[in-house]
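In structure tokens, the next block holds one chain alone, the form predicted alone.
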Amino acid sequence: MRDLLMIPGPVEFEPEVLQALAAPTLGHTDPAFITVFGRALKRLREVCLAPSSQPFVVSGSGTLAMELAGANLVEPGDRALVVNTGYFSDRMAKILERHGAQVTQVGAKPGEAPSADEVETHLARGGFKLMAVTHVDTSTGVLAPVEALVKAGRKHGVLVVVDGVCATAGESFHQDAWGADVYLTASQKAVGVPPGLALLTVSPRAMDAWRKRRTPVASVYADWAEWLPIMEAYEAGKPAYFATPPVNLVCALDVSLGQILAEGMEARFARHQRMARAFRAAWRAMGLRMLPVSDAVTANTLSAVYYPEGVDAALVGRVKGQGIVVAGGLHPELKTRYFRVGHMNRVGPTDVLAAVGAVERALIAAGHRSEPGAAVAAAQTALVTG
């Protein structure tokens, strides 16, 4: 019997998506593949609610998606503001600095997020070209106040880059309506495709800023100048070549994006919220404390939960023994003190109850005092009451 994967990515994938991966590989200039790739690009715009954007689908990880944003939008000497909510905010700062930006960080204690007012205080001082925000930091489970932050950035005339790797297609986000310039993500989380694709939707304003660069992009592979003609050609139904695309992954992406749009973006956001509320009810029933300090900054795509007193990281192995795979901590300051449960993409009530039951049994076996069945009952009540 196969374990159920409940980590913050990769996640469980729909059978039709996996079937697309297993299909015979088409040539990357095959008319059938050109049609699929072009449709996937259009669908990515729809999923990000960004009809005016330029989509990019590139072979690589979420880190490459971050670099595709940073490498093209900053030049040596530009000033950038990073809203720091954890490990991946640190990574974004590192990427921007590597490309020559002078980075200022607005941080918070682990489990907290800087307020929009605090960030705006920095923006009001002027001089920033770009602001980067991590929508959900996978290391902490912190959900940033992204709508308010994006709007603050636009108010002060800076380019706003939002890292949606652990959020896109799971957390509410309206790129065009809110005014974000880049929404970047990866395939293996709520987008619902195995690892291997870096995805971006880029606003006309950001494309214009890129075209006005004074210096060439330092990386050939990350340069939008290499990828833009490819994206435009495939969407126009024509073949083009820069580097061989991962054909089967793109086909799988097209399938998954079609399924996401069939569910409907608002319905999908609401489903992720319902599943997250059920998990939060379960953690409370077991007397567990989450790493995010309040529901307002708690992600709907994953839970980051402190081990109770007397329980350590061996719990992750105990849960796997119950047939559910969860993840240990990642934030360097706290990594031995908490575990993480992903609830993205296809996760539904059956998965929630299975995961909660496994954690509950593993905790009791580890000596944690908890009423057997209380957590499952709390999750079930939350699911029934909505």
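Note that the structure is a prediction, hence the values are computed from the model and not measured. The first residue of the sequence shown is number 1, and the count goes up from there.
The protein also exists as the form predicted in complex with a small molecule; that form is not presented, and the subsequent description refers to it.
Asker: Is there any non-hydrogen atom of residue 52 lying within 4.5 Å of the small molecule in the predicted complex?
Answerer: Because no heavy atom of residue 52 falls inside 4.5 Å of the small molecule in the predicted complex, the answer is no.
Asker: Any chance residue 173 has a heavy atom within 4.5 Å of the small molecule in the predicted complex?
Answerer: Result no; residue 173 lies far from the small molecule in the predicted complex.
Asker: Is residue 61 close enough to the small molecule in the predicted complex to count, meaning some heavy atom within 4.5 Å?
Answerer: Looking in the predicted complex, residue contacts with the small molecule include residue 61, since a heavy atom lies within 4.5 Å.
Asker: Can you check whether residue 79 is within 4.5 Å of the small molecule in the predicted complex, heavy atom basis?
Answerer: Residue 79: no contact with the small molecule in the predicted complex.
Asker: Sort through 211-219, 164-172, 236-244, 107-115 and report the only stretch with a non-hydrogen atom within 4.5 Å of the small molecule in the predicted complex.
Answerer: That would be stretch 164-172.
Asker: Could you check which residue among 347, 47, 66, 341 gets a heavy atom within 4.5 Å of the small molecule in the predicted complex?
Answerer: None of the other options qualify; the answer is 66.
Asker: Quick one: from 248, 84, 188, 203, grab the residue that has a heavy atom within 4.5 Å of the small molecule in the predicted complex.
Answerer: Selected option: 188.
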